[in-house]
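There is one chain below, alone, in structure tokens, taken in the form predicted on its own.
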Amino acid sequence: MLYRPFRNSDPPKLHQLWHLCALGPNAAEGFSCDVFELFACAQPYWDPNGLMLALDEASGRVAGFVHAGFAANAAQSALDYSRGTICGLMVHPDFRRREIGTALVRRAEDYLRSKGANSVVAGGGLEQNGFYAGIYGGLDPSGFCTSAAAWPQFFQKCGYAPCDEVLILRRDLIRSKDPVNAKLLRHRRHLNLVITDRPTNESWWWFVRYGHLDSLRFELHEKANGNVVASGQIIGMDLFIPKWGVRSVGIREIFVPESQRRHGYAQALLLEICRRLKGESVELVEAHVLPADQPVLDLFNSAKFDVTGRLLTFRRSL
């Protein structure tokens, strides 16, 4: 087996490998090689040395690849080179159980260590994977899909410990019905929904990950004075249509100002977003939430969202 860094002629091979590896329900399929290049290689911090391929010397076939990168700093203004990530890893079905995945992980660790990383998180985690947003994980490539492979056993063998788990929450807009109560009816009388396609105060990290996807910002304004009482953002997930057969949208960054909390504004915003999306022929809405974030879980549960899957990450000190 030959291991080498990325070359400019590799994307068609990697694109084909992606579609042969059965990456699970949270991986988009049916997109072109140009789309793969956009989501895997077009970021300003792209380093060809961070993507390593395994090739069978006898046939020249690509047996697998691993993609290593880095998480963002706290301000989301640049990369934090002390925090490495394994953004993607796959091995062709014909070459599995030959220690190729382990060898690729070791080469990824060597690359990250050479750049100054003192730890590595396989899967990246919520908002920390710098690649594949839009074609893996659904709303966000927050970790490895548990239904696609025995990731816990594999990474444990590689010396990793379980790290974060991210819950995938979804709502079927066709079959589900909105909750009804007096507070929600009152909010509909006294609040206006404002929608804009202009990103507001987004970070550099947001633009390099989501800037090439369709997005809208939703705000609830008080009719009396125009104050914003709740805001949120949706991200288009059209590249998953061939795989899922439905038009889907992700919801993120639900925010209510401190002075406006505990009035049900977040729930009112979520329901209003779902109502508007249903009118635009969107059938599925998705959100990613950490299990420990109970207030956010309660919010989405109140808006009829259900847990439908999990994305896992694994950590190792370097």
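Just count from 1 along the sequence shown to find any residue number. None of the values given here were measured: they were computed from a predicted structure.
Here the subject shifts to the form predicted in complex with a small molecule, a form of this protein not shown in this document.
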property: 4.5 Å heavy atom contact, residue 240 and the small molecule in the predicted bound form; result: no
property: Distance check, residue 148 to the small molecule in the predicted bound form, heavy atom within 4.5 Å; result: yes
property: Interface membership of residue 81, the small molecule in the predicted bound form, 4.5 Å heavy atom rule; result: no
property: Contact flag, residue 14 vs the small molecule in the predicted bound form, heavy atom cut 4.5 Å; result: no
property: Candidate from 106, 217, 96, 221 lying within 4.5 Å of the small molecule in the predicted bound form - any heavy atom; result: 96
property: Residue among 125, 130, 232, 101 with a heavy atom within 4.5 Å of the small molecule in the predicted bound form; result: 101
property: The small molecule in the predicted bound form: contacting segment from 153 to 161, 71 to 79, 173 to 181, 106 to 114, heavy atom within 4.5 Å; result: 153 to 161
